[in-house]
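Two forms, one protein chain; structure tokens for each follow separately as structure 1 and structure 2.
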Structure 1
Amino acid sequence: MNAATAARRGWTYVPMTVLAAFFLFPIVFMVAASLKTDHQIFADMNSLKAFLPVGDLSLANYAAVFDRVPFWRFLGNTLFVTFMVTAFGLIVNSMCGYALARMRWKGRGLVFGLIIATLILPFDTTIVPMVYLVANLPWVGFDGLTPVLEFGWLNTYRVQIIPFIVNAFSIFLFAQYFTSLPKGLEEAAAIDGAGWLRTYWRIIVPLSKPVFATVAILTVVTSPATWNAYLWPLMTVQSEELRPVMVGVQYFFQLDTAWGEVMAYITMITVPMVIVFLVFQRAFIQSIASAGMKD
């Protein structure tokens, strides 16, 4: 590698390093502040010490988190809801995408267009009607072994899971990827006597691992009901036994705000996701790239 090539590469890395540092600083500050007292945090705010683990350090803020909130309960709720939304979402949205991309039926284009049109509606504009709707939806419960018709989904796991299983963007990604697969796959399967469901499960799904991985990652990170869920469970779940970790943040602002404890709690719910991304970043990038490619 000659000097000119090295210089060009160096100038490429400089802005990338600056940009990476810009996004990394809040995380570094968060972790450093979680080890300090409130007095130390504010004393260091006017210097680079705010980003360094120096001064009066301890793990007392992390211990205090467990006194403030039922952290493990919140974490368990988040993991359960995230798993259910992601798992059922992969099944339902992929089947919808398959029907739109590979099957021919009247009105298919109109339905697909309506699904895409819903993407322009911000979630914040539909949340109030959704809350009213789920507050009056029926559900079959059980009194012992006797089925009982109930109304209202508030304060349940289902209000955090069912409304977010179907996702327009996930359907779009699946449909786009399935469209790129060779038409001969279904023709060969039909000759062997396979129906649509068997073709989907035995042929399409094994060939579509990249888009399944992409949708799973995006669902975990971006869905209003999964890891980052805050506004929806705040409005629909009042029971502490059912709330996710993000709602737990508000517990630290109800009385005297201890910023060291706030930073400790946020670190506990942020760093695991950062570690997961760093470990699987290659697979994440490859799945995104593969999902966007067509043969």
Structure 2
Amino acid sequence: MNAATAARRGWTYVPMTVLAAFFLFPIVFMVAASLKTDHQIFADMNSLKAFLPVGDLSLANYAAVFDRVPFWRFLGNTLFVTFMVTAFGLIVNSMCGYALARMRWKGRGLVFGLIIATLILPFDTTIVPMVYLVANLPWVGFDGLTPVLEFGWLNTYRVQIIPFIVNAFSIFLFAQYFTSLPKGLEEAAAIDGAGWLRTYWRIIVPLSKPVFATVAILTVVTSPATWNAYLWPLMTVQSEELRPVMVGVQYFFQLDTAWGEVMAYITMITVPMVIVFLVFQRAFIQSIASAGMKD
């Protein structure tokens, strides 16, 4: 390697290393602080020691998490809700996107426009009317084996899942992708006698794995009902048995905040997402690149 190449690489890698460190510092701080007492965390705050596992170290904060929070219950709830919203979201939104992209029916453009228009409204502006709505929605429950009509979805899993299955952005992504598929495939399937549903399931879905991966990842990462669910369950779920992991963070903010325990808890709830990211790293990057950033 000659000097010019080394210099060029230096110009590339030095800024990249600085940027990587900049983004990694909060995570390194979180893990280091999770091993320290609150007193130690504040004592180290004004030096590089804040990012290093030095001083009075122990796993006491991790043990304390289990005294304060029903961790496994919260984690199980989040995994269940995330799975349900994502799985049903893929089915419902892809079918909706398919109907909008490939089927010809009256009012299709208007419906697509209305769906896209809902993206303008931030979730925070609709949450209060949504709470009022779900508090009065009907449901068929069971008293033994007898069906009973009930009203109100609050304090259930379904209130955390069903309102978030349909997602306008997911529909948009599916519709855009399906539009790009060759029309001849469907025509060939039609000649062979396949109907719309069979064509969708046997032809379109197998050819659309990239968009399914993109939507799945975006749903897990950005939906207000999945991994980062906080405000919605806070307002609609009163039972501790049904709370997700993010609400659990608030358990550590009492009269005086237990900072070491907070750091231990958020380290514990970050680990599953880090594992998912490492396993699906390539798909993550492609999904962000193809869909752009969206909150």
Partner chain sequence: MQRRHLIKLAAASGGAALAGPALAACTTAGSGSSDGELVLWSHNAGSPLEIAVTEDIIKAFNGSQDAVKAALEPFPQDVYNDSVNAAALSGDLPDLLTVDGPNVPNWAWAGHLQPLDLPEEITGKFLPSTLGIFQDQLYAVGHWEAACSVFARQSVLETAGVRIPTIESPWTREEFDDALEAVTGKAGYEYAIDFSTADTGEWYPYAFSPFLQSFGGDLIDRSSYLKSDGVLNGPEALAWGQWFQGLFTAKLANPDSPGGAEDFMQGKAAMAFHGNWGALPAIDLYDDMLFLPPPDFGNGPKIGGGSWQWAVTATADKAGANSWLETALSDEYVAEYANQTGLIPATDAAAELTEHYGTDGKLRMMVDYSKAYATLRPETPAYTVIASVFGQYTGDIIHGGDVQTALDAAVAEIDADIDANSGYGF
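Because the structure is a prediction, the values reported are computed rather than measured. Between two forms, the rigid core is defined as the largest C-alpha subset superposing within 1.5 Å. For numbering, take structure 1's sequence and count from 1.
- Shown as structure 1 is the form predicted alone, with the alternative form given as structure 2.
- Relative to the superposed core, Q254 shifts its CA atom by 2 Å or more between the two structures.
- Lined up on the core, V14 has its CA atom moved by 2.6 Å between the two structures.
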